[in-house]
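As a starting point, one isolated chain is supplied in structure tokens, in the form predicted on its own.
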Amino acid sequence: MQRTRLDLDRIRAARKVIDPVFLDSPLYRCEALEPLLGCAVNIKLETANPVRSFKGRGTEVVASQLAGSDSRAVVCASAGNLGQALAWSSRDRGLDVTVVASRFATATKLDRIRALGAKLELVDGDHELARERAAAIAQYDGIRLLEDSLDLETCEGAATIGLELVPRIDPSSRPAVLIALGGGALATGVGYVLKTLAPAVEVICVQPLGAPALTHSWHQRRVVTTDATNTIADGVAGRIPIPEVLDDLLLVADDAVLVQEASIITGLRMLLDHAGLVVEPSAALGIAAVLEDRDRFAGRQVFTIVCGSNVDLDKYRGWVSL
């Protein structure tokens, strides 16, 4: 494999500074889903932790570095999960955290950011406007800007998930790992580890049809932006891919696919009914991908990373009751 920005030694070192509460998350074969999907479905559950998403792995690395530095203030833009994770990782380390988010973000996520002690600033726009505002704050105040997926700590923290997947992969079973694609930290991090240590795995990124920028960029091998997004999967609803992330993704992903909203909703219902899991739409993207292309995955060992469960319950009830 050609060289990416990531490094296996740094990823292994990250495990030593990440709070064990985020490590070795449940990984199990969900036999109840197999008759419905036609493949051996393995769930990597990244919601059984204090911030209910995989983001804590990366923010633990960032916060541990900041705690030992002269600068103890940090700002980030977040759709909700990164902000919660950064606030949680910083709270006991005495760091000053500002999170910029869209005022249209999931209220549950925003409330949790406040409850964890971070300063929350809301913007009248989408996540890309929040990114611009966070960068302006960092420059004006002279503090650390944490950019999800661009900053290697977020990618290499997420990559520790890959270290936990590798021992369970059966190369003879035509294995595939389905990874939700948003900013790209999860996909590039996990994908790098898999391609380095388990090259037989097919790494497939999954994005909503209503937020396709990074998928289009992967297929066209250049940054493709969109003017708007339209998806219930708010955690992956970016419009402007980061060039460095795309460069990495082109080296570690075997494919990038788009799925329809109806499939995401069906995936949410299936995870509830057959796995007992209440998750956010981004976490159902892997199941949605299998639903839309059953023949591709028939009889294979399939892993899906259930990446978050911070969901607006009123909206969730509406989705799963349809």
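Only a predicted model underlies this, so the values are computations on that prediction, with no experimental measurement involved. All residue numbers refer to positions in the sequence shown, first residue = 1.
There is another form of this protein, the form predicted in complex with a further copy of the same chain, and it is not shown here; the text below is about that form.
Student: Exactly one stretch in 290-298, 251-259, 31-39, 57-65 has heavy atoms within 4.5 Å of a further copy of the same chain in the model of the complex; which is it?
Tutor: Heavy atoms within 4.5 Å of a further copy of the same chain in the model of the complex occur in 31-39.
Student: Taking 49, 273 and 320 as a possible spot, do all three reach a further copy of the same chain in the model of the complex with a heavy atom inside 4.5 Å?
Tutor: Yes, each of 49, 273 and 320 comes within 4.5 Å of a further copy of the same chain in the model of the complex.
Student: I need to confirm a contact call. Of 105, 204, 161, 116, which residue comes within 4.5 Å of a further copy of the same chain in the model of the complex, counting heavy atoms only?
Tutor: By the 4.5 Å heavy-atom cutoff, the listed residue in contact is 116.
Student: Hey, in the model of the complex, is residue 239 touching a further copy of the same chain, heavy atoms inside 4.5 Å?
Tutor: Because no heavy atom of residue 239 falls inside 4.5 Å of a further copy of the same chain in the model of the complex, the answer is no.
Student: Even though a further copy of the same chain is not shown here, does residue 91 get within 4.5 Å of it in the model of the complex, heavy atoms only?
Tutor: Contact with a further copy of the same chain, yes.
Student: How about residue 13: is it within 4.5 Å of a further copy of the same chain in the model of the complex, going by heavy atoms?
Tutor: Judged by the heavy-atom cut-off of 4.5 Å, residue 13 is well away from a further copy of the same chain in the model of the complex.
Student: Taking heavy atoms and a 4.5 Å cut-off, does residue 265 contact a further copy of the same chain in the model of the complex?
Tutor: Residue 265: no contact with a further copy of the same chain in the model of the complex.
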